[in-house]
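Below you will find one chain, with nothing else, as structure tokens; this is the form predicted on its own, and questions on how it binds or moves follow later.
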């Protein structure tokens, strides 16, 4: 990497799904299958890989509850909540794109 802060952030958030995953977790914890339903285009393998990557960077927390069957929830950490502004800006940009394309 070049040391550019944007490049560093994009390396972490790059790809099609990571920021979208964060956006679905802003409202609170979700289970794996809830995320799969929210994002029908993502494969189970890719969801697993992206959740692990975001967990490894400390942006999400994986909590396992000792129940039968085992319950696992994913939630944003305090650091992950810092992405709320980024998600908001991307949402605003997406709405602008939709309006522009509809015109």
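Note that the structure is predicted; figures quoted are calculated from it, not measured. Numbering follows the first chain given and starts at 1.
Absent from the display: the form predicted together with another copy of the chain. The rest refers to it.
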Even though another copy of the chain is not shown here, does residue 57 get within 4.5 Å of it in the model of the complex, heavy atoms only? yes
Can you work out whether residue 83 and another copy of the chain are in contact in the model of the complex, taking contact to mean some heavy atom pair no more than 4.5 Å apart? yes
Please check if residue 103 has a heavy atom lying within 4.5 Å of any heavy atom of another copy of the chain in the model of the complex. no
Applying a 4.5 angstroms cut-off on non-hydrogen atoms, the residues of 14-48 near another copy of the chain in the model of the complex are 14, 15, 16, 17, 19, 20, 23, 24
